[in-house]
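Have a look below at one chain only, the form predicted on its own, in structure tokens format.
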Amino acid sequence: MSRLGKITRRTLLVGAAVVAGGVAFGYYQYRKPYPNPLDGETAENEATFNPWLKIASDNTITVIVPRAEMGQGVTTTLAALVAEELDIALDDIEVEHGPAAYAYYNEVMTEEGPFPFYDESFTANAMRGAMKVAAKFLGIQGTGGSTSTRDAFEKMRLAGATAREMLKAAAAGKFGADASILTTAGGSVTDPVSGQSATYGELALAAAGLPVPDVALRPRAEWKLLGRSQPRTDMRAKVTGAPVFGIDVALPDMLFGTVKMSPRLQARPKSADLSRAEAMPGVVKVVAIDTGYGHGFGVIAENTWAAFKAAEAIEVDWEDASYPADEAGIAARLNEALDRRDGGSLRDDGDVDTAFADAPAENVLSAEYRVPYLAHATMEPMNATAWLRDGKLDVWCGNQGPTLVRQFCAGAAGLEEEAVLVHTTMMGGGFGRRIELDAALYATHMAREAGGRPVKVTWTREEDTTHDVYRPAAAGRFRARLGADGLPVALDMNIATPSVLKSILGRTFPSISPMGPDRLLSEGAFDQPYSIANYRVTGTEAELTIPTGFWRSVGNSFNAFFHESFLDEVAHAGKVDPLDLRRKLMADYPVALAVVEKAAVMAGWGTPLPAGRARGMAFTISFGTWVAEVVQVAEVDGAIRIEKVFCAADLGTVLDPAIVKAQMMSGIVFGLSQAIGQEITFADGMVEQSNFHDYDALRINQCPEIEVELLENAPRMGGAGEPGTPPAAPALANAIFALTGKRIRALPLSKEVDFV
């Protein structure tokens, strides 16, 4: 049973504190960069050791999951980490989202080295060390980067194991027995000699006063839950329609609101007429909004519809955009960056310039690629509820960074962080969009003008689509020198795109400047396991101020399209089968080779298909996970039908196969959606798309059959939420080339071919 979303003021103040007569257990002793959020907050007969687990005297066992649930299954897998070591079933526990607390900072989210398959380089180790320091300094409690399970894997198992051994020690004192012979199962400790037994709840208070032991985690051979698919802890609430999402929040005497922000992103109003909006029935107030996210107006009303209609009635003359006003101007900025080529080269093997200097023209292959801006298009529109009264602020929202929400909303309300409570709900889609703070900040600004009443602020779909923080547009110029065997002896990749990192810091921490090369510019290209003697990948920042942010798989989402499509071109130009090309270039990386071989076997690569059908292949390692995909397409009445996708993924260690496969499928659908039709374009400085009618995702009738197989050869655990996305677009584009002979070098593909 899950109690996600039912976090009360007391629960948030106490953190993971339990009802009277309970105690919180677990892992916190070996590393304490921040205070335990439970210390000093326990009620009478309560005690705490750490933030991850609580046991009440009535034997209610609650696992605190400090990462956001947005459909990826984190509240199941993270809870299973504790349950495995505590010898209980998932049905025996309740799950709550952890409070906003620096103790829950995500180490793995910011420590990933730039080369996921090797870390020998000075750059990799220097970056890893710097980011770990930054993670501790900022204390970011974040859900993103496919890191939740990797970050929790040791911590939360230790939470369960420590509690188990302390409960056994308490039982040994109670039974007069040797703790080493006691057994645990189903929430009880039993003495097999005397037959005495006690529940965890009966032992909790006594166990709290015992020394915290050093414990050994159980080997994989003894796992009962981990490594097996488990029932989802969040499923019952979702299928029964429980109010678990941010948009479901309902509070007494609640007001409702919406926003009308500048259609030219970040531009200010030159003049505004609010009179019509203010005079409309149900409107309480229209307030100005001015944050690092943009400028505009918020409408507070007695119902959402009144707020929407009043927002439409606001008349504003906006300033011009600070970026090129149309697609031609944006393309020109990308070309300028490609011409400058003054960015960093995180991969520069051999001597690329010398390799091309004497290359015969017939041995050189060149191509240019482009991708557009993209929106996140979450199914649940952006929303947040804020309630400011008596010197305290409550914020309810689906978010991927509760400590950031607390910090910035405190500043907006003029409060100390300790006076702000963040209620993290489930969210109807995140994809990186809800690590942003705009919705919570706008709600806080409006709550300041609400006279002590709570305000639920809901964006229209149109406002959401036209005021996203977008996946950036990107362009690339690529060239390869082919050897006599058709394989590349030199590869030169020049990529230009705006800096996502600089955009994020500019609106949140403007005093912090990125240090060293920005790996997000070229990730998915520079960090791939191909052995080519002369191999250079350059990422140059394009000067575009359109707000950008983390989008599922970030730079990998477009660089994989560039890299794997161009490698497919190399293979065909050299008259080498795309699979054979990868076999030879990946020979030094057996983990990569294994997933490519597996996907090929799954798809029947090399076996003939009926006329009118073809296959395409792509590979990308991202977020520590090695993924190969084969897409099969068919021509139907002159249009393209995506029939099947075969995916092989290696995460090193798979904790819940069903959840991982679902995440791979989800990532594939996300990647195919961007490939076939999604784009954000600009005219007169304004986004042209507004809703699903002109910014659509893959529909169910278009969705192919998807088959996923999981391998566990990788030396390190990888993520699951994002790695399925990058190979999807290039595998599809390569399949279309194999079918039609048309090489499409720009997304969306629907500009060149029709899809059914």
Partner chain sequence: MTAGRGNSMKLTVNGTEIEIDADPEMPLLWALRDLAGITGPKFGCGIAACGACTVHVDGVPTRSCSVPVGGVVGEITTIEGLADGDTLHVVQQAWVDERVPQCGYCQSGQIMSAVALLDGDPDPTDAQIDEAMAGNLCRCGTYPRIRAAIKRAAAEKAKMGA
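Numbering follows the first chain given and starts at 1. From a predicted model like this one, the values you see are computed outputs, not experimental measurements.
What comes next is about the form predicted together with the partner chain, which does not appear here.
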item	value
Distance check, V239 to the partner chain in the predicted complex, heavy atom within 4.5 Å	yes
4.5 Å heavy atom contact, K155 and the partner chain in the predicted complex	no
Proximity of A89 to the partner chain in the predicted complex, heavy atoms at 4.5 Å	no
Partner contact for E107 in the predicted complex: the partner chain, 4.5 angstroms, heavy atom	no
In the predicted complex, the residue from F619, F431, F623, F478 that sits within 4.5 Å of the partner chain by heavy atoms	F431
Heavy atom within 4.5 Å of the partner chain in the predicted complex - the one residue of W459, Y470, F526, Y369 that qualifies	W459
Complete contact of P35, I314 and W396 with the partner chain in the predicted complex (any heavy atom, 4.5 Å)	no
Contact segment among 77-85, 557-565, 460-468, 196-204, judged by heavy atoms lying within 4.5 Å of the partner chain in the predicted complex	460-468
Partner contacts for 392-408, taking the partner chain in the predicted complex and a 4.5 Å heavy atom cut-off	none
